[in-house]
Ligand SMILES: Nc1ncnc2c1ncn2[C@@H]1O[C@H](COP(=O)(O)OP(=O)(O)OP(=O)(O)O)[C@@H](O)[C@H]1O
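A single chain comes next, written as structure tokens; it is the form predicted alone.
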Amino acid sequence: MDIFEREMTRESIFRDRNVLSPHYVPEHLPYRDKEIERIMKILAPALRGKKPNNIFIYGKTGTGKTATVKHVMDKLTQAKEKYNAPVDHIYINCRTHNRKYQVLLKIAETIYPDENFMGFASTHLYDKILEYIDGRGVIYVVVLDEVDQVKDIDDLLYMLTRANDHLQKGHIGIIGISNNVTFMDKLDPRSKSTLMQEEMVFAPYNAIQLKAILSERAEIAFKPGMYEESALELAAAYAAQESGDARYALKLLLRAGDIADEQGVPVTDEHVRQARTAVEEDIVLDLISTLPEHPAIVLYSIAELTMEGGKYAKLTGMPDSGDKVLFSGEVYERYEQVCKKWNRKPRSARWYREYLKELEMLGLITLTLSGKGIRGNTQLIRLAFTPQKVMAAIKKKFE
């Protein structure tokens, strides 16, 4: 009880810690005015009952895509209430609702809060959604965040867009948000042909912009005098190096704030440096949790072989070297073995090479061509993070 008492009675440097959360949507979004204006213009016809175009938004993690769309949805709701407009919306995180059925169930449960739809087929959910939209003549905007995480995305998009052919009144509009700029390239031509979408790409923030974002949040989050400006500049600089990721910057400042809060002192550069290692590890584990199935299995195979040493270590006689290097061929063999163990059908060697490129692009592995001393040309693979933690994160994903 002494610990609880001490926690409740001590002075905190925070005024509102939640302001530094990536889920917090501020009233003002710095440097996203043009994007906000364009989305609002596309959706504006919905306020008069006219169908808007679908929108697909791309950009790296932490570029403000989700916050911008949520901000616009708040404005849309305000306009709806002011003018009694026939428009409504739903926000769905496709990392947690990653099947067509789960998305349809979420929509049905939202528009019919008093009904129980568990156990009903997706066709029944679909019919009920259409009944609701047709009966009210409403423009229903479905926001699909991390849309590329939906495993049967072609079926979902085709069903939602073709629904408009069966509606006498009302319309379903889609806003898709994805970190993957090439997401549309992987869609079935049948799905793409029905979308009629407008596309937007959010550019990364630079260090100056990130500093301004942190300054606005810090002023609300901390009590006066409880942070140094140089700490915000350092967090912004670190985040600018990480592809202009505002979420990374906010996580850094929040973690640094927690460290300083425990000590009862203002946030300094040193607190930001201490926070950096822990935040990077959190982000990597979070990134692993979002990997598609087969790239995740390839990464697991790399981590498992890294633990064992691999053929390269045995060939060079350096099994205990800190520089754990693997041959591409042995990783593919292990990938096939892990697929068999986990009851998955392995993909071809061509797809395997694409997965390696994807993992390298995400910074999870590094690839180099073999040099002299090794017969033939092969790719050498190095895992960029602790293999035990990588394996644990992937196992958790498949549980």
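Start at 1 and count along the sequence shown; that's the residue number. The structure displayed is predicted, hence computed values, not measured ones.
What follows is about the form predicted in complex with the ligand, which we do not show.
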Hey, in the predicted bound form, does K60 get a heavy atom within 4.5 angstroms of the ligand?
-> yes
Partner contact for P387 in the predicted bound form: the ligand, 4.5 angstroms, heavy atom = no
Could you tell me if R32 has a non-hydrogen atom within 4.5 Å of the ligand in the predicted bound form?
-> yes
Would H28 show up as a contact with the ligand in the predicted bound form if we use heavy atoms at 4.5 Å?
-> yes
Would you say all of P52, P86 and Y140 touch the ligand in the predicted bound form, counting a heavy atom within 4.5 Å as a touch?
-> no
Looking at K192, H171, R276, R247, which has any heavy atom no more than 4.5 Å from the ligand in the predicted bound form?
-> R247
In the predicted bound form, the one of L356, L47, A67, I42 near the ligand [non-hydrogen atom within 4.5 angstroms] = A67
Among 108-116, 128-136, 209-217, 152-160, which stretch has residues whose heavy atoms lie within 4.5 Å of the ligand in the predicted bound form?
-> 209-217
